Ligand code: NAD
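Just the one chain here, the form predicted alone, laid out as structure tokens.
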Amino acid sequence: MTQQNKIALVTGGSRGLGKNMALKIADKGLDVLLTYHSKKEEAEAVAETIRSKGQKAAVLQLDTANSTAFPAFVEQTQQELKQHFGTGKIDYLVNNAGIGINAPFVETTEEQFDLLMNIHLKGVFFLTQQLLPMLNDGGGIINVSSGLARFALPGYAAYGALKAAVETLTRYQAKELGSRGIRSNVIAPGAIETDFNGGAVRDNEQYNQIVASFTALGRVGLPDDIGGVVAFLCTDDARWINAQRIEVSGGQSI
């Protein structure tokens, strides 16, 4: 009987950090189900790359800001798993999907706050809750925070506060799901060259250099600096790591 590969579900896996996470997880020998918000072709390209590595992959559309759609997504996930992976279960859930809004505290609107909250906290909370029945015992949850929950850069009051809440949620998940052998950890990237927040870190050379100047390793991060850490957390090598915040920032603002 062929042994079932372990499976990771990565939200927001079509580009940026999520794409790198999905590819690095596949390199560890896991199959990957990844979600996208609007960029289906990019997501399909990531899935095709994963298949070229010898692993199974599939994609599903998901708007993590819309929690009312989660029950239908859970049903779709089960169907997709049975059809493409031969199982109804996943082993790891990576809550990566996110957006950035840069707005000073005094100018942040309630609409901006609600959008950030729905994606970064409410979405993470209730999507994880609804996927728990199909998360195998002994599996794991990897949430994504930010260095901005530890250090403050003007313009990220709402984002940073919500990421701090995700870090607290992670500890509660670890405590309450430990009886099932499920681990929950959170990674906190520093400034990374992606299209996050309009690609500011990647495309604004002055901003890039400023961030590099207060990072101990002397540069800003790349997606390739992040995915491997998440992939490690999706292996048995990380089986005794639980309820931890792992900052992956090269020593930013220390």
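Residue numbers here begin at 1 and follow the sequence given. Being a predicted model, the structure only gives us computed values, none of them experimental.
The form predicted together with nicotinamide-adenine-dinucleotide (NAD) exists for this protein as well; it is not shown, and the discussion that follows is about that form.
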(message) Taking a heavy atom within 4.5 Å as contact, would all three of 64, 98 and 191 count as contacting nicotinamide-adenine-dinucleotide (NAD) in the predicted complex?
(response) yes
(message) I'd like to know whether residue 177 contacts nicotinamide-adenine-dinucleotide (NAD) in the predicted complex, with contact meaning heavy atoms within 4.5 angstroms.
(response) no
(message) I'd like to know whether residue 56 contacts nicotinamide-adenine-dinucleotide (NAD) in the predicted complex, with contact meaning heavy atoms within 4.5 angstroms.
(response) no
(request) Indicate whether residue 146 is a 4.5 Å heavy atom neighbour of nicotinamide-adenine-dinucleotide (NAD) in the predicted complex. (result) yes
(message) Against nicotinamide-adenine-dinucleotide (NAD) in the predicted complex, would residue 15 count as a contact residue? Criterion: heavy atoms within 4.5 Å.
(response) yes
(request) Pick the stretch from 128-136, 113-121, 77-85, 168-176 whose residues have a heavy atom within 4.5 Å of nicotinamide-adenine-dinucleotide (NAD) in the predicted complex. (result) 113-121
(message) Heavy atom within 4.5 Å of nicotinamide-adenine-dinucleotide (NAD) in the predicted complex: which residues of 159-173 meet that condition, in order?
(response) 159, 163
